[in-house]
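Below sits a lone chain in structure tokens, taken as the form predicted alone.
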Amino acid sequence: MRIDILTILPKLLEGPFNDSILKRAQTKELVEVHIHNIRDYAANKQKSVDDYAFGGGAGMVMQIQPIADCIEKLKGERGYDEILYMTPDGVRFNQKEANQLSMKKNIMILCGHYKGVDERLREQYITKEISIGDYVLSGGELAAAVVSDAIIRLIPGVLNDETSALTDSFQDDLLAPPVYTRPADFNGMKVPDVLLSGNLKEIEKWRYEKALERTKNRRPDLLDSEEI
């Protein structure tokens, strides 16, 4: 997989992709992440990429020319399965969407800033608009990193344990059950006996029941009415 991220703050994205799982995925050559500075495509000497909104109002708008030129350059080099735009008014990102995107070959992500991008960009180039929550960030970079992380960890070979991602919260519309590790008894706080029993059938039953219980208590919106 290849992910191209378009931003006006490339340094903001260096950290997330240079450590832990995302770094290992690139070292293993399972994914390529390329960060592009939109200012490199600005037509003016000042390298400015924003301007006042037509019709007035507070805030600036990202201009169409630098972003369009960057997108066209990249599209001229390869085809893209999706061109994503990170925006608060996009569709709420979830695990199902992450699963679908993890099967793509080439993805482009545009990070918004200010009051957003010229609407013509969204109409002409963007294939999917994504939000990571009902709040506003200073820019789309952190959201792009979140989406990239969720996608990349699902690529076969990225995680050391191939089944780990399949048991994450939301994969089956349930939150993950409680987990424990050594010691089995810490200051009188004990691990549930069933997890020490070695009975895999009973352990799986316990985990499902606890996952269902936790989901009912914390995220009942994930369940069908019959399960609540």
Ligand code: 6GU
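Each residue number is its position in the shown sequence, starting from 1. The structure displayed is predicted, hence computed values, not measured ones.
Here the subject shifts to the form predicted in complex with the ligand, a form of this protein not shown in this document.
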For the interface check, one of 97-105, 73-81, 150-158, 128-136 should have non-hydrogen atoms within 4.5 Å of the ligand in the model of the complex; which one? 128-136
4.5 Å heavy atom contact, M86 and the ligand in the model of the complex: yes
Could you tell me if V117 has a non-hydrogen atom within 4.5 Å of the ligand in the model of the complex? no
